[in-house]
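As structure tokens, one chain now follows by itself in the form predicted alone.
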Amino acid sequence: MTTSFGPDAGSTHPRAALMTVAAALCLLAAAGPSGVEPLAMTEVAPGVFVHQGAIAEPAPDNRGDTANMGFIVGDSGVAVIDTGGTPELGRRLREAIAARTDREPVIVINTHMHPDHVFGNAAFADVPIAGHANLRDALAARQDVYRQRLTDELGAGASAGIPRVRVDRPVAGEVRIDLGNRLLVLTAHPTAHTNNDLTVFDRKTGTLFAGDLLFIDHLPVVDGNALGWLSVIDGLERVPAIRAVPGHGPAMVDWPGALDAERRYLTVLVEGVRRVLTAGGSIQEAVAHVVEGERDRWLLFDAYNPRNVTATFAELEWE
């Protein structure tokens, strides 16, 4: 299935003749026409832009900016891949798009349901949203919890304006989107990081937006199942990409070597939990000891390894 989008007219900006007016316009331009500061972006390949989020938990000092997001510019329009963890970040992403092209967003693609990747959708209410066929139900089941957590982390204003779940174009299997002289391949994957992981491959530049199927430096987070994730990794490494954009980590990494550290961690996790189960050990013993050798290789290890071990213990207990 291929979806095509028609061209949209761009916007123009007036010139000021007087120096004082020009100076004022320069200040406005820095903040964007709506007064919102555009996100910093890196062009990782021609027409492919990425914003790198902090490797940290959402907090006032980072304003919830903890996940990578980006956009791809075609002749007919722009595809947005993930929108950040707050409506404010979504608005800043939209300003960054406007600062680099007169083409309008024609599709927002969410790589999975986690709030650091989707709550910025509030800034794209006029744009269709694509996601895994499981995304809508999975996010709907947790959205109220996610909103409350965001309020607790950043204050009540951070969650203002977050809409109810919307997935206009559910993806099961594979879908192709034609942006105009630019074909994107959207692939829905079996349960891995979550049960609703989606990747976006730009065939023109060989760039793969891997979402949270790829963590770099940030400890991988198992919210689906570890065995499924390892299986998906085996398939992902066959994607003929040159570079990848991880969900967390640098704006760009080489492909497929970037998968190696994540595969190692998940393999050690599975093997360690199996050893505890075989020895008749408890889940508490598993949490205390499994994967400890990986501690110094990852950021946020203590925040996420206990839950990864717990989830994997439950996954493997009856295999």
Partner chain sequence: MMRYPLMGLLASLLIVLSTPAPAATDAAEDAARWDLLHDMYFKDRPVEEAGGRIRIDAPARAHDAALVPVRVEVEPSLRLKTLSLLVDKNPVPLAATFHFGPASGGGGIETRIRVNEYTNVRAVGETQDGRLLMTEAYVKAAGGCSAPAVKDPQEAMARLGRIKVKLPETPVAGVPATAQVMISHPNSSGLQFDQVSRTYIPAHYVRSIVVRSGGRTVLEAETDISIAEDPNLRFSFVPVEGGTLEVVAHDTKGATFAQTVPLAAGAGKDEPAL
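Positions refer to the first chain, counted from 1. Everything quoted here is computed from the prediction, not taken from an experiment.
What comes next is about the form predicted together with its partner chain, which does not appear here.
Peer 1: Given that the partner is absent here, state which listed stretch (244-252, 174-182, 130-138, 97-105) has heavy atoms within 4.5 Å of its partner chain in the predicted bound form.
Peer 2: The contacting stretch here is 130-138.
Peer 1: Identify whether its partner chain in the predicted bound form is within 4.5 Å of every residue in the set 197, 258 and 296, based on non-hydrogen atoms.
Peer 2: No residue of the spot touches its partner chain in the predicted bound form.
Peer 1: Among 280, 60, 46, 35, which has at least one heavy atom within 4.5 Å of its partner chain in the predicted bound form?
Peer 2: By the 4.5 Å heavy-atom cutoff, the listed residue in contact is 280.
Peer 1: Just to be sure I understand the contacts: of 236, 216, 222, 122, which is the one whose heavy atoms reach within 4.5 angstroms of its partner chain in the predicted bound form?
Peer 2: Spelling it out, the residue with a heavy atom inside the cut-off is 222.
Peer 1: If we define contact as a non-hydrogen atom of the residue within 4.5 angstroms of the partner, is residue 156 a contact of its partner chain in the predicted bound form?
Peer 2: Taking the distances in the predicted bound form, the answer for residue 156 is no, it never comes within 4.5 Å of its partner chain.
Peer 1: Taking its partner chain as it sits in the predicted bound form, is residue 147 near enough to touch it, meaning that at least one heavy atom pair lies within 4.5 angstroms?
Peer 2: Yes, residue 147 lies within 4.5 Å of its partner chain in the predicted bound form.
Peer 1: Could you tell me if residue 232 has a non-hydrogen atom within 4.5 Å of its partner chain in the predicted bound form?
Peer 2: The answer is no: residue 232 has no heavy atom within 4.5 Å of its partner chain.
Peer 1: So in the predicted bound form, is its partner chain close enough to residue 311 to count as touching (4.5 Å, heavy atoms)?
Peer 2: Output for residue 311 is yes: heavy atoms within 4.5 Å of its partner chain.
Peer 1: Output the sequence-ordered list of residues from 285-319 with at least one heavy atom within 4.5 Å of its partner chain in the predicted bound form.
Peer 2: Those in contact are 287, 306, 307, 310, 311, 313, 314, 317, 318, 319.
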